[in-house]
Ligand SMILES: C[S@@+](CC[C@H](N)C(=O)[O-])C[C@H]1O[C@@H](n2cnc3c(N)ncnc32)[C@H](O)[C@@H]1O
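Just one chain follows, in the form predicted on its own, and it is written as structure tokens.
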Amino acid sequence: MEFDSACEIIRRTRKIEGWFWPAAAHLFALLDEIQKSVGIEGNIFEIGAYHGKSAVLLCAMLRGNAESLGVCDRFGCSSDRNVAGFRPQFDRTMRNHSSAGSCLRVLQKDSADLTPEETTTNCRFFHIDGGHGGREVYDDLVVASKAVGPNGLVVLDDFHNSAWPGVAEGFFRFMHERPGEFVPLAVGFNKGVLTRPSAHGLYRRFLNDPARCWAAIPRGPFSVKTIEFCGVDTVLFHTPSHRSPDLRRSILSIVHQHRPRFADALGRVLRYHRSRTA
């Protein structure tokens, strides 16, 4: 997905309730563009949709009728009461902001009960943003491992977020108990990106180029570096120390610590991603 297309979707969905950072949306667009440039095909699936803020972007990533988007969420519904939850808000979002039509499949159930027939087994992009407890994250990663194709990606929400330690617990348990299923590829913007070990080098060839990354992602206060994580080289998008010789980066770093979404917007206003490439 091109940078301008992602910007347009971010603008249109700005008022939809949810926790999908604009910078994370640009990361999704970058990963989608990499997949399309090397001919990786497959379906898209999301666990945890809330009001559909991220699902709108995922719909825009589809290649017409050749691919489908599956969404799984309980939508706040109780099994013992006739409560509608937030499914009406999700349906309204998709009706007003996407044109997925028959390409969209909505499954209102516990994600741990998903079957390979429901997720399909050739997903190229699998977004996990459901329950944030250790057991829930582990179970969702198991579901993803059965759904993602050999060159696909898994994107895990609130990766290493100190407010949700269960996400890290579930991730490391999965890595320990099911070694070789996935390896880390990138971490940043509140997301962790995983891929199959055999596909790691394919994506790294693109992510090794900072100029390509910043052409797709607003520069904001962020820096990029490569670290070894779980035994493999992993791209890390991070907020550097505010003690920077670059005044704009210093300001954005300080703001980002307290108001990350505002810092994201401020970075775009300053067009910082356009002014620097290093």
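Residues carry their position along the shown sequence, with the first being 1. For clarity, every value in this text was computed on a predicted model and none was experimentally measured.
Although not depicted, the form predicted in complex with the named molecule is the subject of the following passage.
In plain terms, the part of the chain that comes close to the named molecule in the predicted bound form, with a heavy atom within 4.5 Å, is 49-57 out of 36-44, 223-231, 49-57, 209-217. Here is the short version: of V167, L185, C123, C72, the single residue with a heavy atom within 4.5 Å of the named molecule in the predicted bound form is C72. Mapping the unseen interface onto this chain, Y203 falls outside it, with no heavy atom inside 4.5 Å of the named molecule in the predicted bound form.
The closest non-hydrogen atom of G192 lies beyond 4.5 Å of the named molecule in the predicted bound form.
Shown alone here, W19 lies within 4.5 Å of the named molecule in the predicted bound form, counting heavy atoms only. Looking at S111, you'd find a heavy atom of it within 4.5 angstroms of the named molecule in the predicted bound form.
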